[in-house]
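For reference, the chain that follows is the form predicted on its own, supplied as C-alpha cells.
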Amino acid sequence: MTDSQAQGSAQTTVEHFDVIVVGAGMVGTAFACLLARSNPQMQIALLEAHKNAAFDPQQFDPRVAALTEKSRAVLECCGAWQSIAAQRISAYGAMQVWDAEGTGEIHFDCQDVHQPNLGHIVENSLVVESLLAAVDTLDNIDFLCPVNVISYQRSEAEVSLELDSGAKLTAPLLVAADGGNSAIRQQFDFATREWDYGHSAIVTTVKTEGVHQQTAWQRFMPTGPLALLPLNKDGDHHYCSLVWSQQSDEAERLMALDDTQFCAELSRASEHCIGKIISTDKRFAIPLRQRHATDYVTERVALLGDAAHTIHPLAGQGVNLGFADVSALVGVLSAEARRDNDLGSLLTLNKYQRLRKPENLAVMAAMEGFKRLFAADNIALRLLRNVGLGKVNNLRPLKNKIIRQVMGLS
C-alpha cells in the first residue's frame, strides 16, 4: 500500500463504541473505569488531548483533592485506591475552622462519629496515574492520548467524532468530562449560569514549623478563606497543601512577593496555627469562577464533573461532587443496559440529571451563602456568624450530622 493509500484508509477508519468519554482527568477516567468494570460487555473510548503530568514521589503536586469516604469508595471500586494508598495519602482526622473577624470557631473530629478519619488529601496526579493504570487492565476501554477532536456530528441514533488522525469514532452516547471550559458543552449549546468571583486561589505546598496534627486548618477572612491541608511525606507531618482564596488584586500582590516575604505573610494570615511557614514550593494563582449548566444532558450527550458545575473551593467539594456524578451516571447506564435500552436517549439521561442536579445546586447555594456570610463586613452579621459557630460547636448532635454529611456518609 502506498503512503497516499494508507493515509486515505486512515481517514475513513470508523470505530464504533457504546460510550465515548472525552477528558481523562480524575472524573472522566473514574467514570470510564467504573463503567467498564460494571459492564464488561460495553466498549468504551476514553480520549485525552494532553498527557497528564506523572506523579513525582519526590515532590508534592500543588493540586490536591480532599476526598470524602464516598469518593474513596468510588476509587476503590475502580481498582485504583490500593495503588494510591500504597504510594502517598494523607488521612486527616480533624478540622479546625475559625473566623478571622471574631472569636467564633468550630472543631470537627472523626472520633465524634466513630470513624477512622474525616477524609484523605490526595494529589491529583497520583489519582489520575492510578486510575489510568486500572484502565490499562481493562480490555473494554480504548484509551487514546494525545488526540484532538476536530469535529462533532450528532444524528438521531449516535454522535460521531472526527479525530485529527483522520479516524472517526461513533457511539450512542458522548460523555463530556473535559473540564470547566468544556468544548463539548459549547459545541452542543448547553446554556450556563456563571459569574466571576473576582478572586484567585493561590495553591502550593508549604513547610511548617510545627506538625499539622493531621488536621485541616481553615481560616475565614473578609478577603477570602485560607486552608492548610495536611500532607504526609514519609511520616513527616511538617507539610501542608495551601489553598488561599484572595481578591484578585491582593492575590496578584501576594504572587509578586519573594518566597521569604510570602511565607511571612502566610504565617500572619494563618495566625501561626502550625507555627511559622518555613518554605514554599512554586506558587500558582487560579482565577475562580462559578458555573452551572442549566441542563446536564441533551440528546446523546451528558456533562460530568466540572463540565457541568464548578464551585468555590472553600470546602473542597468540587471533585467530590464530580465523583458523585460518576456513581450516578454509571448506575443509570448500567440499569438501562441490563434492560437493553438506548444509553443516549434523553429518557435515559434525564434520570441522571434528576439524581444529581438538586444535590449539586444545594451544595453550590450553601457554598455561595457561606462565602457571602464570611465576606460580609456588617457588624451584626459578624456577631451572628461568631455566635453561630460557637453554638454549633457546642451542639454535638448537629455538629456530628454536619460531619457525616461532609464525609458523604449520610
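All of these numbers come straight from a predicted model, not from anything done at the bench. Note that residue numbering follows the sequence shown and begins at 1.
The following text describes the form predicted in complex with a small molecule, which does not appear among the structures shown.
Which is the contacting stretch out of 338-346, 355-363, 36-44, 23-31, given heavy atoms within 4.5 Å of the small molecule in the model of the complex? The contacting stretch here is 23-31.
Contact residue in the model of the complex, from I84, C77, C110, V203 (heavy atom within 4.5 Å of the small molecule): When the small molecule is considered in the model of the complex, the option within 4.5 Å is V203.
Contact residue in the model of the complex, from S267, N124, T298, Q290 (heavy atom within 4.5 Å of the small molecule): Spelling it out, the residue with a heavy atom inside the cut-off is N124.
Are any of the heavy atoms in M255 no more than 4.5 Å from a heavy atom of the small molecule in the model of the complex? No - in the model of the complex, heavy atoms of M255 and the small molecule never come within 4.5 Å of each other.
4.5 angstroms heavy atom contact with the small molecule in the model of the complex for Q317: Because a heavy atom of Q317 falls inside 4.5 Å of the small molecule in the model of the complex, the answer is yes.
Does the 4.5 Å heavy atom contact test between I286 and the small molecule in the model of the complex come out positive? Heavy-atom contact with the small molecule at 4.5 Å: present for I286.
4.5 Å heavy atom contact, A177 to the small molecule in the model of the complex: Yes, A177 sits close enough to the small molecule in the model of the complex that at least one of its heavy atoms falls within 4.5 Å.
Establish, in the model of the complex, whether E48, V243 and G305 all lie within 4.5 Å of the small molecule, using non-hydrogen atoms for the distance. Judged in the model of the complex, E48, V243 and G305 all sit within 4.5 Å of the small molecule.
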